[in-house]
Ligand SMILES: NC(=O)c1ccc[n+]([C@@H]2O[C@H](COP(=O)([O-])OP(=O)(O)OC[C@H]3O[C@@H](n4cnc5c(N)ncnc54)[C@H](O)[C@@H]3O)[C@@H](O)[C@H]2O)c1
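Coming up is one lone chain in structure tokens, specifically the form predicted on its own.
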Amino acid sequence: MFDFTGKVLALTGANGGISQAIASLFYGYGASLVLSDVNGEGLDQFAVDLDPSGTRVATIAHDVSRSDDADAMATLAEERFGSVDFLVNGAGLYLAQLVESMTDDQWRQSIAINLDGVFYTCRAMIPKLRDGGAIVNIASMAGHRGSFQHAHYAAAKGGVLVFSRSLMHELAPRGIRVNCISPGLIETPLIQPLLRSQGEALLRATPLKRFGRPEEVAGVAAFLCSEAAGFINGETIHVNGGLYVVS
């Protein structure tokens, strides 16, 4: 559908369910990839399966809550491929905890991974992005409607939405577009505890009567990075089967 030959994607959280689908799709469309994940060993195996030659995929262990790790990823991108065309921030942490029993460390960990990590990686990658490129930040339905037992996660994702709309203004003069994707219930390991506890009720509340697939989020990411979305900027596309509708 899209031709990304000669383009370079930088992707965080690349060993996760949605991010693996994004990496596979962009690779299939011809892009070279700079992949990062806190699980460096698992990421390396995924990269070998995707590109046995290693010519179009570079990997790096990356804790997104550390700004120096983001800088190292940006350096790797420049050393291997010269520059970057697309940045997708896909790293995330989704843990259940009531506010009344939430510890300082639990709050800070969620904010650090889900919000600070987006800021650190964007800041590090902006000098490496080619003019006319695109940033796609993976937000969440929770950032719009809130989420029971996930106030820290929802707050962070709400921050990602506002951060992205603000960054859009800064990068527009270079033709770099910044958009978000807010997935709903996508069948990945990240949300399995939620599906076990509330899956049937959530399925009934979803008009399409099924959960989403990682590939369905990946397709939206590819669209937002493509020329087909060349005049879409500062927006959020919801991928949730109708569970949450924005008017």
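The shown structure was predicted, so the numbers you read here are calculated from the model rather than taken from an experiment. Each residue number is its position in the shown sequence, starting from 1.
Below, we refer to the form predicted in complex with the ligand, which is not included among the displayed structures.
Counting only non-hydrogen atoms, choose the one of 79 to 87, 99 to 107, 134 to 142, 171 to 179 that falls within 4.5 Å of the ligand in the predicted bound form.
That would be 134 to 142.
Which pick from 185, 220, 50, 58 sits with a heavy atom within 4.5 Å of the ligand in the predicted bound form?
After the contact test, the surviving option is 185.
At 4.5 Å by heavy atoms, is each residue in 63, 153 and 191 next to the ligand in the predicted bound form?
Yes: 63, 153 and 191 each sit within 4.5 Å of the ligand in the predicted bound form.
Consider residue 233 of the chain shown here, and say whether it contacts the ligand in the predicted bound form, taking contact as heavy atoms within 4.5 Å.
So residue 233 does not count as contacting the ligand.
Please determine whether residue 124 contacts the ligand in the predicted bound form, using a 4.5 Å cut-off between heavy atoms.
Looking in the predicted bound form, residue contacts with the ligand do not include residue 124, since no heavy atom lies within 4.5 Å.
Does the ligand get within 4.5 angstroms of any non-hydrogen atom of residue 18 in the predicted bound form?
Output for residue 18 is yes: heavy atoms within 4.5 Å of the ligand.
Using 4.5 Å between non-hydrogen atoms, is residue 129 touching the ligand in the predicted bound form?
Residue 129: no contact with the ligand in the predicted bound form.
Could you run down 26 to 44 and flag each residue that has a heavy atom within 4.5 Å of the ligand in the predicted bound form?
37, 38, 39 sit within 4.5 Å of the partner.
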